[in-house]
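Next up is one chain by itself, shown in structure tokens, the form predicted alone.
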Amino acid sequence: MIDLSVDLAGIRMKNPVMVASGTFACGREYSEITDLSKLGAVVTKAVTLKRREGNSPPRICETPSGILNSIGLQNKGVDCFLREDLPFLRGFDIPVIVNVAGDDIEEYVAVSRRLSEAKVDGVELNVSCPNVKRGGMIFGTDAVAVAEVVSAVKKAIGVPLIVKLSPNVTDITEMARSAVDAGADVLSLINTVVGMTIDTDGFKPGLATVTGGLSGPAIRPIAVRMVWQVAQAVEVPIIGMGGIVEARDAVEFLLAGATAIAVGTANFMNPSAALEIIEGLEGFLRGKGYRSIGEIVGRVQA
């Protein structure tokens, strides 16, 4: 038997494969075509204190080996999430991690506290989203601001705190250390890379917001590099993500030092991608003669 189980600061997962925030909604639609109970965990789309309509269209553009998006954190708010989505997700034998966004520290704290009281399995702070004019981008690119929001939320909740880091910084390890020193139990990285596309016929940006977040295989080498750097700098578990499409992509992140991985953009192309990656990881370990997933974490010979 191959042991795929992992522990993220108390979040016990049957395997290291979760779905990334923003690409799986809250799982309801995907549950009709894939078995959620086989996942390691579900990370929901971002939840804010009040309902948000998101940005005006167009807000998604395809790019070579990726997608550029500017959704703008569209969601129904924490009350609706607790009333409709959380009960649904609890029908599956998987940890539920909720991504939280806010315009200020008070909103991050208020939403996180509500979720903690509802006993979700973990809170993932979205301090790095490049799609809003307030909140995420400001916190995620300043080490002091990261520490302030992480510290405030940590004091307000009783569940594991995950901090999702932005790649749009000069030194990712500085942000990682700041988050961990302030109380982060787990780090997830990376979020999308800021990019832009232009319609060469209409002479206009492809997105209504001009710039947006690039995801997909195009950013995988950047993400693997940053996971490797952060793994050398801190001692908390890391969730690696960024362009994971198949099992060997996931193995790259594990070898770089990630304890778990998240599948994002691939869900749009193949709703069963995460389940196929789980099977592929087991086959990879068996083929290499390993008995557990932990045996390959951080094993890159750099």
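Values in this document were obtained by computation on a predicted structure and should not be read as measured data. In case it trips you up, residue 1 is the first one in the sequence shown, and so on.
Quick note: we don't show the form predicted in complex with a small molecule, though the next part is all about it.
- Figure note: of the listed segments 225 to 233, 113 to 121, 199 to 207, 184 to 192, the one touching the small molecule in the predicted complex, with heavy atoms no more than 4.5 Å away, is 184 to 192.
- Contact annotation: Ile244 falls within 4.5 Å of the small molecule in the predicted complex, judged by heavy atom distances.
- The shortest heavy atom separation between Gly264 and the small molecule in the predicted complex is within 4.5 Å.
- The small molecule is not drawn, but in the predicted complex it has no heavy atom within 4.5 Å of Ile293.
- Contact check for Ser166: no non-hydrogen atom falls within 4.5 Å of the small molecule in the predicted complex.
- In the predicted complex, every residue of the candidate spot (Thr23, Asn126 and Gly216) has a heavy atom lying within 4.5 Å of the small molecule.
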